[in-house]
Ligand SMILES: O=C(O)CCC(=O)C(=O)O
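In the block that follows, a single chain appears as structure tokens, in the form predicted alone.
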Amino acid sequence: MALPTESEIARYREDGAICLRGAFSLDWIERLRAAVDADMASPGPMVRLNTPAGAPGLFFVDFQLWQRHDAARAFVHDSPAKDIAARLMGSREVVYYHDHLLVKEPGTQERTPWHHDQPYYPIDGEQIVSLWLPLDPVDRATCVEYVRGSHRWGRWFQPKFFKQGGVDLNVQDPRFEPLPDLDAERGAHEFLAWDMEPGDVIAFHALTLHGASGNRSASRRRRAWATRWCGDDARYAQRLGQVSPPLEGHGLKPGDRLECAMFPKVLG
């Protein structure tokens, strides 16, 4: 198992996003492809279809595959993912938060709007990392783009729905501010994206701004499964209004460590 090197850890912490080459075996990729296709045939209760009826392609979104599919559950507990997350976060313990499936079939026009993840979550803390794992080859034009170093701006932006033209979620927090027009500001920032093969993964901080185009390919699918991992300093935080995904019934109170049956400790 090849864990992130010291130089990769330093680059992740400086840039807020890094592509780790060959982090997962093709056996994991094949097992997860089968789980994703099974989930699309029989989705979970939080499924979202973000492509309007009659529009080309399909932007399919679902959550919590690990609760319904053996391969996804095995990935959480048995793959190198938890060890990769621990190294990058500098954490002794790792708690699994949730997973997020994003499939863009060929010809899908809908983009993933600019956002960063932590304002969607009822979690405070610095040690939160996502692993964005494509299950198909991805070229740079279709890859998620990350604003280099944006996790270190000290700013939290109002979360938005991925559908409905990017309407704000109803979340009240004095830290949240309107999201700048990053496309209009492209000359002021450095954007990170990569050509990727199955087995490569992008690790990114929960406050790193990112977004993605539609799938411009006429033939290639873009199945990507993002998993969220939390470290020693993560604490449950009450948010007034909506959170996404709306995971309920965990029994946590503000200030509690993020560890329970819904968010299992997988390392430490």
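Residue numbers here begin at 1 and follow the sequence given. Keep in mind that what you see is a predicted model, and the values were worked out from it rather than measured.
As for the form predicted in complex with this ligand, it is not shown, yet the points below apply to it.
Using a 4.5 Å heavy atom cutoff, none of Lys82, Tyr96 and Asp232 lies near this ligand in the predicted complex.
Think of it this way: in the predicted complex, this ligand has a heavy atom of just one of Val144, Val171, Val76, Leu179 within 4.5 Å, and the residue is Val144.
Shown without its partner, this chain lists Arg228, Arg221, Arg33, His69 as candidates; in the predicted complex, only Arg228 has a non-hydrogen atom within 4.5 angstroms of this ligand.
For Ala203, no non-hydrogen atom is located within 4.5 Å of this ligand in the predicted complex, even though that partner is not displayed. For the chain shown alone, His115 is a contact residue for this ligand in the predicted complex, at least one non-hydrogen atom being within 4.5 angstroms. Contact check for Leu65: every heavy atom lies farther than 4.5 Å from this ligand in the predicted complex. In the predicted complex, this ligand lies within 4.5 Å of some heavy atom of Phe162.
Of the stretches 25-33, 41-49, 209-217, 235-243, only 209-217 has residues with a heavy atom within 4.5 Å of this ligand in the predicted complex. Heavy atoms closer than or equal to 4.5 Å to this ligand in the predicted complex belong, across 119-134, to one residue only: Trp132.
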